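A single chain, nothing else alongside it, follows as structure tokens in the form predicted on its own.
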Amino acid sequence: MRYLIVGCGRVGSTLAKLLDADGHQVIVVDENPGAFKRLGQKFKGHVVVGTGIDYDVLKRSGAATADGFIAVTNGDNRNVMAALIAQRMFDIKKIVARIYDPTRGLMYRDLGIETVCPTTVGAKLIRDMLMEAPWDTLQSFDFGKVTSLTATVRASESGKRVSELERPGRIRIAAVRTGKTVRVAADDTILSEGDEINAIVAPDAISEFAQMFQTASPARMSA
């Protein structure tokens, strides 16, 4: 895959090195030539000096053949402008922009641009650490809509059906792992002690979920 990254700060350079190590073709654009030092000597991709909101710079960087576009400069406006150019002038299908303002990020998502909001993600991680949550955050979706959590079934929940632990519009159990087997949860799925569940939880139900599984241990669900 061919990826074009605009912004060679800490995030952009780290992402570039990860993608490069995975064997992808990576092009990094930054208007500060000194920023490319962060890529290190092992980086096998290409660098282009220029601004990510200049059509000619992006064209010269190979935007026309890019499979993915990532905008991670220090400015929300520049990231969005670069993402819109990539979307509308180069028809790049996979576009991600870093946006610090959660409200603005939601607006740009309506334009078809995927956004990552460090403000929201960071706050949720700190909240989980402060609460010493007995569950593990798998993926937090920006703007506080839902959070994906896992928990281990205790003896007190053993024998109960999934429907008994769900709360309409607040807590939905999506999958259950028993041993090495993962299955999609149904309303009549009966839980056993030691099972691991994956639940989609609304922000105002996180405390309720935590109380329900007070002794649960952090776990990541995988097939």
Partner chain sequence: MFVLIVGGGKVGSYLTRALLAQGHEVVMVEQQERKARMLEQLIEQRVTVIGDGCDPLVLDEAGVARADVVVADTGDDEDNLVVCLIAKKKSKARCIARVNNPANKMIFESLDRENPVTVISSTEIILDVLSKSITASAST
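Numbering follows the first chain given and starts at 1. What you are looking at is a predicted structure, and each value in this text was computed from that prediction instead of being measured.
The next section is about a form of this same protein that is not shown, the form predicted together with its partner chain.
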Item to complete: Counting non-hydrogen atoms within 4.5 angstroms of its partner chain in the predicted complex, say which of Val153, Leu84, Val121, Val96 makes the cut.
Response: Leu84
Item to complete: Consider the chain as shown here, without its partner, and state which of Ile27, Ala175, Leu165, Ile53 has a heavy atom within 4.5 Å of its partner chain in the predicted complex.
Response: Ile53
Worksheet item: Mind checking whether each of Ile5, Asn32 and Ala35 has a heavy atom within 4.5 Å of its partner chain in the predicted complex?
Response: no
Worksheet item: Within a 4.5 Å heavy atom cut-off, is Val80 in contact with its partner chain in the predicted complex?
Response: yes
Worksheet item: Any chance Asp101 has a heavy atom within 4.5 Å of its partner chain in the predicted complex?
Response: yes
Worksheet entry | its partner chain contact at Arg127 in the predicted complex, heavy atom, 4.5 Å | no
Worksheet item: Out of the stretches listed (182 to 190, 37 to 45, 54 to 62, 155 to 163), which one is close to its partner chain in the predicted complex, meaning heavy atoms within 4.5 Å?
Response: 54 to 62
